[in-house]
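Following this are structure 1 and structure 2, which are two forms of one protein chain, each written alone as C-alpha cells.
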Structure 1
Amino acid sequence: MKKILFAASEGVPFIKTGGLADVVGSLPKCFNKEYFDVRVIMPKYMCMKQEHKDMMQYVTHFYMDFNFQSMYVGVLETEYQGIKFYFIDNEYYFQGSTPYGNIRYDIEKFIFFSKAALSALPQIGFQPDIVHCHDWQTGLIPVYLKDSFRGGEFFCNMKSIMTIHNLKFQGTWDVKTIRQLSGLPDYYFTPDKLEAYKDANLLKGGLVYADAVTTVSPTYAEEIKTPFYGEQLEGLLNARSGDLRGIINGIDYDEYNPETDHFLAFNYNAKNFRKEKIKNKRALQEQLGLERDDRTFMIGIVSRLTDQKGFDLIAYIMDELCQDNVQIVVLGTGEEKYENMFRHFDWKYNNRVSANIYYSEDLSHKIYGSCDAFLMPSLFEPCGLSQLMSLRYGTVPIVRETGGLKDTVEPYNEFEGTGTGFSFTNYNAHEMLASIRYAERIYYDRKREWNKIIDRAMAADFSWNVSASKYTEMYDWMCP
C-alpha cells in the first residue's frame, strides 16, 4: 500500500477560492484504494463554515519551534467521502475572513503551515511515501524534506512532488525575512536554490528540491518553459524539464452532473437537454431580471476577476457585443476595476447584462446549467476547470487557445462536423469578438449543428479517471 499526502492551502468542501480547491478535494478519492492511501492536510481556517468545523475531531497538539518562539500546533481530522483530511490548527495564523490576505503575512502563515504539516506526521503516525505539494504555499516542504527533516528514519526516504497550479504566484519576499521564518541556513539562499532575482522564493524552493514537478496541463507544461509564460522561472523549468509533466485536471463528475445537480431548477442530461435545459435559462432570466426570451444567446462567465482571465479583452468589446442579440451573465469577484466594469455595463445594458459581484456555489451551477455559451478568454490558463464544467453541462465554451483551454476545448470545424467549442489564438479583443460572433451565427442560423456541438461537449470525458491513472504511474515510478 502506497501512502500519499496532499499538502495544500485549500480543498473542497472545506475551503475554496479557486480551482486548486476543486483539485485537492476531488482527486484523492479517485485513486484505487487497494493500492493507495491518499490523505490531505490543510490549515484549519477560522473562516471555514461552522458545519465543516463541526465535522473535525481533535487528534493531538504539540509545540513547535518557529521564528524563535514555541508555537502551538493542533491537529484535527475528519473523513470525507472515504478520504482522511487533516487540519493544522493555530488561531493566530489562520484567523481572518479569507484564507489569503496580506502577502507578507501569508508568507509567514504558510511557512508555518509547511513546517507544522511535516512535524505533525510522526505525531499522528502517518508516514507517507510521497508528499504531494500544491503551489507556493507548500513550496518549503520539499526543501525541509532534504534539510532539517532529513535526519532520522521517519523522513529519510520520503519523496516529494511539486505541482504548479499557477506560476504567477510564487511566494516571494526578502531573503532576510524568509531565512529567519524558515530557519533554513544561508546555504539555501543562492540563485541556484531559493533565491530569485535577489528575493527568496518559496515556489522556487519546491521546484528545485522536489523529486518530481508537475503542472496541470500538457500545454502549460510547455508554455512555462518560455519567457512569456515562465514568470522568470523558465530557466529553472527548462533545467528540470526531464522531471516536469503536464497532467490535465479533471472535475468531480458526481458533484458536477446536470442530471442530479440540486442547484439547478431543472435537471437534464445528454439525451433530453434540447427540451429541458431551456427551462433553466428561463428560470435564470427570471431570477436575474433579464428579458425573458428563449431565443436570446446567453453567455456565462464564472471567474476570479483578474488580469489572468482576459477581462481587459472583454472590457474593450463590451459595447460592441451588447449591440448583438445577446445576454451576458457574470459571476465573480476580484480586482475592483473589473468588478466596476461589469457593474457599469449592468447599469448601461440592464436588460442584457447581469453582474453578480460575489461568490456563490449556487449561482455558479445555475450559470453552467442555463447559458448557451461560456466565455473564458484567458491570457494564460494552467488548466481551467470552468470550461470543463461548461462542457459537462452542455454550455459551449468560447476560449482562447492557451494552456489547459487548448488541451480541453476542441474548436468547432463546420466542414468536418467536429469540435466541442469555439476558440481563438491571439490575445486580441476583436479576434475574440469574431469567435463569439461565429458562435452566435451557428446558434441562430444552424441550430441543429449547434446542438451537435452540445452532444459532443457532453460526451467528452473530463472525469478524473484518465488523469488519476497518470498520477498513479508517476507515484509508482517514484516509489517502485
Structure 2
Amino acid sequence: MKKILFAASEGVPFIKTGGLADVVGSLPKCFNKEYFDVRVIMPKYMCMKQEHKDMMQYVTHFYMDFNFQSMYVGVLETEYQGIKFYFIDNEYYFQGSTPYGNIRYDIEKFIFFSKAALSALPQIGFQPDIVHCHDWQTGLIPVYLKDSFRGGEFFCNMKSIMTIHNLKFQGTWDVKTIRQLSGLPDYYFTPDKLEAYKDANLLKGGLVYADAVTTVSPTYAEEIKTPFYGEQLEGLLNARSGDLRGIINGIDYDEYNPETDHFLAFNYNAKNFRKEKIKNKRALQEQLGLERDDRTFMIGIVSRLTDQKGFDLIAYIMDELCQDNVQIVVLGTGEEKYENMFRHFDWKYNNRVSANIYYSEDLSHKIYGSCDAFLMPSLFEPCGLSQLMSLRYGTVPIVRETGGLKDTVEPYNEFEGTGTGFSFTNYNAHEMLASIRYAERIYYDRKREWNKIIDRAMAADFSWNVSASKYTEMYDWMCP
C-alpha cells in the first residue's frame, strides 16, 4: 500500500479560489484504494464556511519553533467522500476574510504551514511515501525534507513531487526575510537553489529539491522551458526536464453532467442533445433579455477577466463580430478595463451582448448548457477547465493553441471529418475572428457536420480517472 499526502493551500469543498482547489479535492478519490492511501493536508482558514468547520474533529496540538518563537499548531481531521483531510490550525496565521491577501504575510503564513504540515505527520501517525506539493505555497516542503526533516527514521525515505498549476505565481520576497522565517541556513540562498534575481523564491526551492516535477498539461510542460512562458525559471526547468512531466487535469464528471445538472432548465445527453439542448438556449435568451431566436449563433465566455485570458483580442474585434448574426454571453469579474469593455458592448449591442459582471455557479452551468460555442483565446493556459466543461456539455470550444487548450481541443478538419472544436495558432485578433467565422459557417451551412463535432466532443473523456491513471504511473515509478 503506497501512502500519498497532498499538501495544498486550498481544496474543494472546504475552500476554493481557483482550479487548484478542484484538483486537490477531486483527484485523491480517483486512485485505487487497494493500492493507494491518499490523504490531504491544508490550512484551517477562519473564513471557511461554518458547515465545513463543523465537520472537523480535533486530533492533537503541539508547539513548534517558528520565527524565533514557540507557535501553536492544531491538527483537525475529517473524512469527505472517502478521503481523509487534515487541517492545520493557527488563528494568528489563518485569520482573515480570504485565504490569500498581502503577499508578505502570505509568504510567512505558507512557510509556517509547510513546516507545520511536516511536523504534524509523526503526531498523527501518518508516514507518506510521497508528499505531493501543489504550487508555491508548499514550495518549501521538498526543501525541508532534504534539510531539517532529513534525520531520523520517520522522514528519511520520504519523496516529494512539486506540481506547478500556474508558473506566474512563485512566492518571492527578499532573501533576508525568507531566510529568517524559514530557518534555513545561508547555504540554500544561492542562485542554484532558492535565490532568483536577488530575491528568495519559494516555488524555485520546490522545483530544485523535489524528486519529480509535474505541471497540468503536456504542452504547458514544453512551453515553460521557453523564455516567453518560463517566467524567468526556464533555465531551471530545462535542467530538470528529465524529471518534468505534464499531466492534464480533469473535471468531475458527476458534477458537470448535462443529464443530471440541476442548474439546467432542461437536461440532455449525447443521444438527445439535438432536440433538448436548444430548449436551454431559449430559456437563457429569455432570462438575459436577448432576442429569442433558435438560429442565432450563441457564444459563451465564463472567465476571470484578465490579460492572460485574451480579452485584448476580443476588445479589438468586438465591433466586427457584432455585425454577424451572433449573441455573446459573458460571465465573470476581473480587471476594470475588461469589465467596462463588456458593459459598453452590452449597452451598444443590447440584443446581441449580455455582460454579467459577477460570478454565479448557476449561470455558469447555464452558459455551458445553452450556448453553441465557447470562446477561450488565452495568451497562456496551463490547463484550463472551462474548455473541458464545454466539451462535456456539447458546447463547441473555440480556443488558442496554447497549454492545456492545445492538448484537449482537437481542431475540426472538414476533409477528414475529425475534431472536437476550433482553434487558432498565433495571438492575433483577426486570426481569432477567422476561427470564430469558420465555426459560424459550419454551424449555419453544415448543420450535420456541426452536430458530429458535438458528438465527438461529448464522447471525449477528460474525467479525473484518466489523470489518476497517469499519476499512478508516476507514483509507481518513484516508489517501485
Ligand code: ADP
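Residue numbering: structure 1 sequence, from 1. These numbers come from a predicted model, not from an experiment. We call the rigid core the largest set of C-alpha positions that still match within 1.5 Å between the two forms.
Colleague: 1 or 2: which is the form predicted alone?
Modeller: Of the two forms shown, it is structure 2 that corresponds to the form predicted alone, while structure 1 does not.
Colleague: For residue 230, is the CA shift between the two structures at least 2 Å following rigid-core superposition?
Modeller: No; residue 230 is a residue whose C-alpha shifts by less than 2 Å between the two structures when the cores are overlaid.
Colleague: Once the two forms are fit on the core, has residue 78 moved its CA by at least 2 Å between the two structures?
Modeller: Shift of 2 Å or more: no.
Colleague: Rounded to the nearest whole degree, how much does the smaller rigid part turn between the two structures?
Modeller: Smaller part versus larger part, rotated 9 degrees.
Colleague: Looking at residue 361, what is the CA displacement between the two structures after core superposition, in angstrom?
Modeller: For residue 361, the C-alpha ends up 2.5 Å from its position in the other form.
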